[in-house]
Ligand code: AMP
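Here we start with a single chain on its own, the form predicted alone, put down as structure tokens.
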Amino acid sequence: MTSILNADLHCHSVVSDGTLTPEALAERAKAHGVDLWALTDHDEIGGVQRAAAAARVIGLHYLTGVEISVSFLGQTIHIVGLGFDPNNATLQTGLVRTRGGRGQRAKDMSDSLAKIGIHGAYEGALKFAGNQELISRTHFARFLVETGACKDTYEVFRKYLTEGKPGFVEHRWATLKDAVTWINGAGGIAVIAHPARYKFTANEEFALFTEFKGHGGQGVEVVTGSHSAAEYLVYADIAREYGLAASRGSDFHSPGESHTELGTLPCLPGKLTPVWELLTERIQYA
């Protein structure tokens, strides 16, 4: 497979915080010209078999995927795992542990919102959660849009659900070492997701990439729905500097919410090693 492959290796289904089923996402990816696809639900691999089966039926090449929530230097960052064995017991146990605190966090978020006059947020968010174990800020955002508190989910996050705002509750996720070790142990490749989103200082970003590489991480998202065209080039240079493979993914969640459609990103910049070239033996061919 070549570097100009239309690979989309980052998106979410109703199994975590997307609004489409794994089957509908596979069909949407195929319709938008995707050649190689991965479903990367948050801290959950319950949809990967459904996604693989759907991809096989419609002739879409597929990689197993997950996006693991990690606490690093006081921020939540995300590590995507690709091409792993979903039956690996250590990975499964680690993801269960990572998901475990979401329920109490959601109730604390609801209590916090109630103090400013927004009541019933937990029950309202739960209506949007296809998987109760994975209730998240996105589900709260959809509830607040439904009630008319905000016009869209982006406004909700700005006003209520980011650090320092009334609905934000910090949660302790997996460590960077945990996430990379689980993915590698299951035969996959760990990838830093949308690094430009984290707003680290130069020294903090150096620490992230250095520690990630030291734990055995092998990839970074260069072209993603969260990056600008200028940031594609910045992280292409960083991929080369650290000897990391480059990944590509829309981070698609919903037709009504996502800025970037499945399969519509530009190609990776030149002189990079595409992450899928390291995973040829793991690709499930249609």
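One-based numbering along the sequence shown. The shown structure was predicted, so the numbers you read here are calculated from the model rather than taken from an experiment.
In what follows, reference is made to the form predicted in complex with the named molecule, a form of this protein that is not presented.
- Contact with the named molecule in the model of the complex holds for none of H61, R248 and R282, as no heavy atom of theirs lies within 4.5 Å.
- Comment: the named molecule is not present in this chain, but in the model of the complex one of K165, R105, R172, R97 has a heavy atom within 4.5 Å of it, namely R105.
- Out of the listed residues F72, F157, F200, F209, F157 is the one that sits within 4.5 Å of the named molecule in the model of the complex by at least one heavy atom.
- Among heavy atoms of H227, none comes within 4.5 Å of the named molecule in the model of the complex.
- Residue contact with the named molecule in the model of the complex: H42 places a heavy atom within 4.5 Å of it.
- Although the partner is absent here, T138 is a contact residue: one of its heavy atoms lies within 4.5 angstroms of the named molecule in the model of the complex.
- Under a 4.5 angstroms non-hydrogen atom cutoff, the named molecule in the model of the complex lacks R50 among its neighbouring residues.
- Heavy atoms within 4.5 Å of the named molecule in the model of the complex are found in one stretch of 86-94, 129-137, 182-190, 210-218, which is 129-137.
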